[in-house]
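A single chain comes next, written as structure tokens; it is the form predicted on its own.
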């Protein structure tokens, strides 16, 4: 039972104070409720970059940047404090090639009487002059879904066929921010051709590539000569498609070739060898047998996060023919080879980043864990998602690691990467906080038994120290509970039933309601249980947050 130690007055003072304040407190997956630009994440395990860890560290974020990182960081008075006990903090993930929020341009109309062997460039899917930023929307649900997985920056690629346009670098920040980091970061190319039109086939695509590149080179030289000499030279005609190759020819940006398999990798390497451009091999699903060739070409590597469906590799073949069983063995071997691809690149000493193109956001953690369980080290996986991607994109001086002055992009998880039970709780993108609720329908009942009993709590509020108790029991195979509090309106003690109880063995959260001035307020409670001790906070939406500690009362034995 709750002890009455001026609790009624203290709780009244606390609630009245809450009603008079406007302080950030509740979960917010939209990032819109930014009352302060200053945050302090305290007492957390901070992985500043792969292999570098700070235990019990604090991160101060101010105006979108990391201001201070360490074990003795002074917390600013205006900071929103996020207890990081038992949480892991990683640098925000970077997608080296994605298409979140990108829409496809309208399909080009075929002119009347068009010759299929010589279609206009836009009809043939050759539009290198297009800018992906013209087709990007940060409010698209795919941006939200990938941000929920910890991605904070993405190099987005345009949609289309052979040469869809230029890539750009964006941050998944607030919907009203510009969110652009860099434009024209690369020329995106892929082995996709229009049906029934030239180039139509892979060989035709290769020939067209050579033709475009060489014509662009000639046109650029012509333009330079006309500018410097002029007299006696014909004026160069404008050609946006050829001019779009100039940054590639000048080695200012790479060609980002989507090459899913070994055959496409070989073809892209052949074009690079002939023409001499800087090459990024992106979206690789099968390529670990070509590590020597890739090293020799000095090509950058972006592996796909998309993994094949395992169903085919698990087909039941007890009564199948010997030939069918051999075929199945080949399927299983190919499947395992894909799972081990990232590990094989790591063993070969080739640094790589990851691409989300063609991958499902819901499969991200599962696929990452599969790669780790098939030989990829956790450190290499984190490097691919952070510092490797930042270096490949040329932004490592301000992103890809947790360092003072860098962009405040973070992923905060309940446990380390590579574990099935690890969940993402918070994401900071461009200094904005996005908080994600857990699935409250799941309770670890085996571990919930440890909660059963009476817990004496104490809460620190501006009005003083408030004390009371909470009781937990398992009834009808469900964890239930109640809290006894003094009625803020002065009618003695009231029992309030706990709702939305969540307990995963470490984190405990629940809600209960109270009436204040005829207004029903929901009190959210969340914290960490360590053996028979609980430490967390009370909060009321848009009102405030205050600390609470509780100790389990030992059961008497007779």
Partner chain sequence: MMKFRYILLFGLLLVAHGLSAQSPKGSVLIKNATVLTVTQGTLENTDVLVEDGLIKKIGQGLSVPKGVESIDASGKFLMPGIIDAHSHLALDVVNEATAPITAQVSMADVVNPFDVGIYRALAGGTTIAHGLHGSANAIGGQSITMKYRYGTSDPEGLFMKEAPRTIKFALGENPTRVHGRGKNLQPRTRMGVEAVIRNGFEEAIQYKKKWETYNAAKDKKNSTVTPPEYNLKLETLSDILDGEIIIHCHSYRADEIYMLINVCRDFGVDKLVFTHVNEGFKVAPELAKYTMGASVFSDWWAYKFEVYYSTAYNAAILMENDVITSINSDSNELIRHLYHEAAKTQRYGGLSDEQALSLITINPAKQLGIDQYVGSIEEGKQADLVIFDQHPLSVYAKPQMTFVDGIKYFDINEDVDDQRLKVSPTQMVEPVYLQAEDERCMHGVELFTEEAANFTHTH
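These figures come from a predicted structure and were not determined experimentally. Positions refer to the first chain, counted from 1.
Keep in mind that the form predicted together with its partner chain is missing from the display, and what follows is about it.
Visitor: Heavy atoms, 4.5 Å, its partner chain in the predicted bound form: which of 154-162, 212-220, 352-360, 171-179 makes the cut? Say which one.
Guide: That would be stretch 212-220.
Visitor: Report whether the minimum heavy atom distance between residue 115 and its partner chain in the predicted bound form is within 4.5 Å.
Guide: Taking the distances in the predicted bound form, the answer for residue 115 is yes, it comes within 4.5 Å of its partner chain.
Visitor: Do residue 202 and its partner chain come within 4.5 Å of each other in the predicted bound form, heavy atoms counted?
Guide: Answer yes; at least one heavy atom of residue 202 falls within 4.5 Å of its partner chain in the predicted bound form.
Visitor: For residue 76, is any heavy atom within 4.5 Å of its partner chain in the predicted bound form, or not?
Guide: Although its partner chain is absent here, residue 76 would stay clear of it in the predicted bound form, with no heavy atoms inside 4.5 Å.
Visitor: When the contact criterion is heavy atoms within 4.5 Å, does residue 140 count as touching its partner chain in the predicted bound form?
Guide: No, residue 140 stays farther than 4.5 Å from its partner chain in the predicted bound form.
Visitor: Which residue, 291, 327, 465, 456, is the contact with its partner chain in the predicted bound form, using a 4.5 Å heavy atom cutoff?
Guide: When its partner chain is considered in the predicted bound form, the option within 4.5 Å is 327.
Visitor: Considering its partner chain in the predicted bound form, which of 450, 484, 225, 474 comes within 4.5 Å of it through any heavy atom?
Guide: Selected option: 225.
Visitor: Taking 375, 436 and 492 as the candidate spot, are all three within 4.5 angstroms of its partner chain in the predicted bound form by heavy atoms?
Guide: No residue of the spot touches its partner chain in the predicted bound form.
Visitor: Since the partner is left out here, which residues of 253-284 would have a heavy atom within 4.5 Å of its partner chain in the predicted bound form?
Guide: Stretch hits, in order: 262, 263, 266, 267, 270.
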